[in-house]
Every structure is written in structure tokens, then in C-alpha cells.
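In C-alpha cells, one chain follows: the form predicted alone.
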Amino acid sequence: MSGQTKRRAIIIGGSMGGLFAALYLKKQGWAVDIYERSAVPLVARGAGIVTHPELRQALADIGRSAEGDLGIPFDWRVVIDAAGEVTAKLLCPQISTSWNRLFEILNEVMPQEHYHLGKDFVGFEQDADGITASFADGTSVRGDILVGADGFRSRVRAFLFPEAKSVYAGYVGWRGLAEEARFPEALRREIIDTFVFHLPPGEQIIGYPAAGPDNDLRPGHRSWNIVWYRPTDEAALDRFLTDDTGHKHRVSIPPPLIAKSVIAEMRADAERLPRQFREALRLIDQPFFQPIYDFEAPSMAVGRACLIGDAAFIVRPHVGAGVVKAAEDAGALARCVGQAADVVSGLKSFEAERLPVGRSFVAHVRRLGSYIRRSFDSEEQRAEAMIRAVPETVMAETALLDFMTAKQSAPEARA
């Protein structure tokens, strides 16, 4: 672009993917600006995150090593039965954190003068010399590339591929953070430092430590993150997405608007869970649910526009790969456009590298979630899905990216 010494990236979406894209491109010498639709700073809905070595490497790449303050280390995974007794155990050291904590870490190194709130993206136009993004407030910006990092409801994706739709997977994940400070002492000692699984027929519920209120990592001030995957047909999902005023929300619903009857129904069903989960769920004041979807973009780059993270591929949360996938997309994007003679060919190289990775993630998590259902179309389908429901297999594959390494750690089963 004439008169500019730096290539400029327009990044739509100010969450994890957008921050990683901005920081990776900035390291390559690009001028970057993030445009976030929300008019107020982003805040999580009470979600924990299990981290991976790939995430810690991405943080180091952008100049923010977080080995000492990323989250909470824990060693053990256990499966408990309906009576709350441990039936299987796996040594699997990891670090868990919260969405808020990770967002805070990234935001610390992002120059805030280049992070713009209240910018509602409405479209773009591109030509041989650049790309122009337009916003609902009547303003526009011009750059060399436009990065769609605006999540699973991406407007950039909708503009590029208006016919492409996400597919509901047939179940939801009820979520929430129970504060350690409210735990009875016996329960705190029993589970707060452990990744706990329970596997009712056709369901899965997990709990693991996470950063506490105000991103506190100190013992006694942490949280325990719960995710309960439950089959929910489309008729029930419509009811879940309808608030107490009768308004039906699309795709997802803000936690405070979930109908009281829907939450009461979940709490009543939770009384059949093992004691540990019953007690912890009672401590969550505002549980919420996440409908589980699948989506694969037909392409990740169109001219000077590209998609990263959940805007390109919606990956079910069973491997905890959403942030890692977005970070690695961002790293590959910066490297490819940085090495290319022109940005369009660089974006094509980026797509060639990351499109197969995204498709592989989607296929894998579909397999992991294949048994979370009430009925099957055939006995063969049921038998194939049940392979993934074996407790030792669930422990060895959930929230892990290096599955072969996980399987080399022999699970210790107890009768």
C-alpha cells in the first residue's frame, strides 16, 4: 500500500484468536488493529480451560511466557461410579486455568490503542491493492489482509460463505465454576486438585480445577470447573433457548436469560449424580449451557480475507483444543504471509497448511462425542461409539492433544 512502510492487518474479533493473530503478526513487523463488536471489555461465561504444551509454546512465541502464573497444576485423573467410588485412575500432569486468566495474559501484551471496542463488522470489499472493512457506525478501515477471528458465529464467515451452516451435534454441555472457598472441607480435599470423570449411559460429566474469582490461583481461592454433556434433541434445545419472556435465541443464550424452569430441570436431574458432583453443582449460582455444534469452512482464505479459530472450524470441546487451534492458526498465518512475496499467495499457503488440520480436529472430536446420545441408528453404530465410552479410553483422550503419548501412560484400574 502506497505511503505505508508496514503491511496492515484488519482483525475482526477481539477474543483469543484475534489477540493471538495480532500478536503473531506484530512480531512479524505488521501494523495490526483488532475490531471487537462488543462495546464493553470481554468477560467469560465462567469457563475453565485445560492447557497444553502447544499453548504454552504459543505464549512464549508472542513474548509472554506464563509458566509460573498460567494456572493450576494437577496430576491425577479419576473415574467415579454412581456411588462416588474411584473405579479407574490415570497419572496425567497438566495445568488448568480459566478463560478470564488466559484472556488477561494475552491482553497484557496487546497495545490497547490498537484494540477497538464497539466496532460491529458489516462487510468488506477487496481489490488488487488491498481490502476495506466496513462497520455499522459508518466507519471503514483499509489494510492488506482481513482476518476473521470472530468465533463460532463469525460474521466474516457469513459474508464469505452465506450458505455454510453449523450442524447441531445433538447434545449440550452444562457448565459452571464452583468456588473452592464455598466447598465443605471434606469435598475440597477429595476433588479440588483432581480431574474427575463420571460416565452415565449416554452422558459425560467432568470436573477439574480452574482459576478462581479475579483469576486467583492460590489454594483456597480457586474454582472447580464442571462440564456436563447431555443428549438434548432439537425440540428440547428450542425450549432451552427460549427465555422467560418467550423470546427464542439463536445458536446460544446469555446465561442470565436462561429460563428458570430449564435450570430447575437440570438441577433436579443432577440429584442422581455422584455425591461429589451433586455437592459442587449446588454451589454454582449461575450455571449455563453450551449447545454443541460442528462446522467446517469450505475454505480458510478468499483473496485477502481469511478465517482462523472457531470462525473456520467449530471443534467440540472434548479435547480442549479451541484456543490451541486458534493460536496455531494465527502462528501459521503470520509465518506464511511473512514469508510470501505477496499476501494473497501467503494466505493460500496458510490455507494449504491449516485446512487439513482443522478437518482432522473436527473428525476426531466427532468420534470422541459419538456415544453421547440416547439411541443409535444401528447396532454397528452403537458398537463403534461405545469404544470411546470405555473409562480408560475417555481419560486418555479427553482434553489431550497428544493421544499416543497419553495412551503410553498405563491406566491403573481398580475393581
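Every value quoted in this text rests on a predicted model; they were computed, and no experiment measured them. All residue numbers are counted from 1 along the displayed sequence.
Form predicted in complex with a small molecule: not shown, discussed below.
When the small molecule is considered in the model of the complex, only one residue from F183, Y293, F152, F240 comes within 4.5 Å through any heavy atom, namely F152. Contact with the small molecule in the model of the complex, judged by any heavy atom within 4.5 Å, is made by just one of L59, V365, L70, L42: L42. Contact with the small molecule in the model of the complex, defined as a heavy atom within 4.5 Å, is made by all three of R37, G48 and D310. Proximity to the small molecule in the model of the complex, taken as heavy atoms within 4.5 Å, picks out 152-160 from the listed stretches 79-87, 152-160, 186-194, 138-146. Using a 4.5 angstroms limit between non-hydrogen atoms, R230 is distant from the small molecule in the model of the complex. Using a 4.5 Å cutoff between non-hydrogen atoms, D120 counts as a contact of the small molecule in the model of the complex.
For G322, a non-hydrogen atom is located within 4.5 Å of the small molecule in the model of the complex, even though that partner is not displayed. A residue is said to contact a partner when one of its heavy atoms sits within 4.5 Å of a partner heavy atom; F124 fails this definition for the small molecule in the model of the complex, lying far away.
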